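Single chain ahead, by itself, as structure tokens, in the form predicted on its own.
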């Protein structure tokens, strides 16, 4: 069944109104008719099977049939702190990170970040990223969209509270020669929480690398390859999910925590 994202499903009402771009997609693209079955997912992760009832000025009315189980969360909570990139590159990172199951994306303004945003531009960008995330949630059958924060300064990100000793924090830095990501992952055991800090097109400065290390981040290299900024963030999330998350068929993977 086709999945559609809504703000909130109120089960007690017995129906839900799908509005905005989702309603337009139902009517103009898919041409859904009364009786057609759909899956509704809200931003809290609730999901229901429903049947199209009618369309009106407010949108498409979908009658709720039965609740559906949520997909289980990944065993690792992933935060991607991605330096703000040029428009298409940043859109790509948001989309692919969401598909891979990232829980939180924090856009970061660094010394070498190229895009410059005023308050209006920042608000517009965040709105677009959240729309991209919502579409990615439907495509990848996630329980809910990730949290996408408003852009923060590099220093503000380093000062964020809430991380515990069970959080592995890494910064990708192409000039790091002491530690590579593969060795770090394999020597860390199971990590319930992971934070990755990825730089802009021009990379991090030496000062930023030193500040991140002082704030508890481990500087790591991906080896000989120099990846584009949008590729690096996607690869980092994928590797974290592979190492500790749910990139496997349930029931067939070895539980590293108990092996």
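Not measured: the values here are computed from a predicted model. Positions refer to the first chain, counted from 1.
Just so you know, the form predicted together with a small molecule exists too; it's not on screen, but the next bit is about it.
S.K.: Tell me, out of 174, 141, 166, 111, which residue has a non-hydrogen atom within 4.5 angstroms of the small molecule in the predicted complex.
M.R.: None of the other options qualify; the answer is 174.
S.K.: Which residue among 201, 211, 36, 63 has a heavy atom within 4.5 angstroms of the small molecule in the predicted complex?
M.R.: Contact check passes for 201.
S.K.: Please run the contact check for residue 191 against the small molecule in the predicted complex: heavy atoms, 4.5 angstroms, yes or no?
M.R.: The answer is no: residue 191 has no heavy atom within 4.5 Å of the small molecule.
S.K.: Using a 4.5 Å heavy atom cut-off, state whether residue 225 contacts the small molecule in the predicted complex.
M.R.: Looking in the predicted complex, residue contacts with the small molecule include residue 225, since a heavy atom lies within 4.5 Å.
S.K.: Within 4.5 Å, heavy atoms only: does residue 220 come near the small molecule in the predicted complex?
M.R.: Contact with the small molecule, yes.
S.K.: Can residue 232 be called a contact residue for the small molecule in the predicted complex at 4.5 Å between heavy atoms?
M.R.: Taking the distances in the predicted complex, the answer for residue 232 is yes, it comes within 4.5 Å of the small molecule.
S.K.: Given that the partner is absent here, state which listed stretch (36 to 44, 52 to 60, 22 to 30, 192 to 200) has heavy atoms within 4.5 Å of the small molecule in the predicted complex.
M.R.: Every other range fails; the passing one is 192 to 200.
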